[in-house]
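Only one chain is included here, represented as structure tokens and corresponding to the form predicted alone.
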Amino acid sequence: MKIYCEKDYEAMSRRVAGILAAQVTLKPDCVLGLATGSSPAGAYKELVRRYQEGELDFSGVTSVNLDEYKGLSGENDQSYRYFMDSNLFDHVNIDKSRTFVPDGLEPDSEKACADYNAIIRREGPVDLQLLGLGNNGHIGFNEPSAVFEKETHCVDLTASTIEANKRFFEKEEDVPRQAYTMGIGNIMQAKKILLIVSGEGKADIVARAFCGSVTPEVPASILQFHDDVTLVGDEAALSKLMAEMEK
């Protein structure tokens, strides 16, 4: 595993953007696995800047997103399709017909998941999968569980995830209680994985994920078994991991 410990969020975002940009430059028709949330937002802003300055061309890129809230349309400003459009896709020359997000409006969970698995198989393998890390160790919306889910599935969001996400909604009651998410198996099939973490609040879970046992109770711990993982974080988020590694 490669680890980049950056001074702050801005430096971390530049590092992540640089890795994503290198992937696009080296393989213009690459498949990117993308994530949403506050952690990657800065990296997307930097990618947009590089595109606007003529450094990047997204015209051949395909993207597959990790997850989507069940029940939200792509026009809902809290949906992950909306996030990707407003933070990246609307500002670069990517072909939106080749940007894929689970269908949050499909009420039949089995169909929604089967359809997305078919897309992943058709478009994949993912060359570089970007991940964030939840406070409880989730990647995508793979919450702590008794087993590692292999493929796209519908998940009941935990109380801690709802609590963490309620800041994006008018009130807690508006936060969806379910989401469609790639499974751990889907994520682990990516050729390369790029995990981004920021803030002191992530320090404990980062250390548990990479220095503790591999267990579905800490979903991100499975990344210990992937042979090409890059972890980028700020000093606060990586503080306890670095301390453990120095022992």
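Throughout, we count residues from 1 along the sequence that is shown. Keep in mind the model is a prediction, meaning the values are calculated, not measured.
Another form exists, predicted in complex with fructose -6-phosphate (F6R); not displayed. Remarks below refer to it.
None of Ala207, Val218, Ile193, Ala35 but one reaches within 4.5 angstroms of fructose -6-phosphate (F6R) in the predicted complex through a heavy atom, and that residue is Ala35. The stretch in contact with fructose -6-phosphate (F6R) in the predicted complex, judged by heavy atoms within 4.5 Å, is 61 to 69, chosen from 61 to 69, 24 to 32, 218 to 226, 48 to 56.
Using a 4.5 angstroms threshold between heavy atoms, Pro102 stays clear of fructose -6-phosphate (F6R) in the predicted complex.
Contact annotation: Phe89 falls outside 4.5 Å of fructose -6-phosphate (F6R) in the predicted complex, judged by heavy atom distances. Fructose -6-phosphate (F6R) in the predicted complex is approached by Ser39, whose closest heavy atom lies within 4.5 angstroms of it. Fructose -6-phosphate (F6R) in the predicted complex comes within 4.5 Å of a heavy atom belonging to Arg167. Although fructose -6-phosphate (F6R) is not shown here, in the predicted complex the stretch 181 to 198 places no heavy atom of any residue within 4.5 Å of it.
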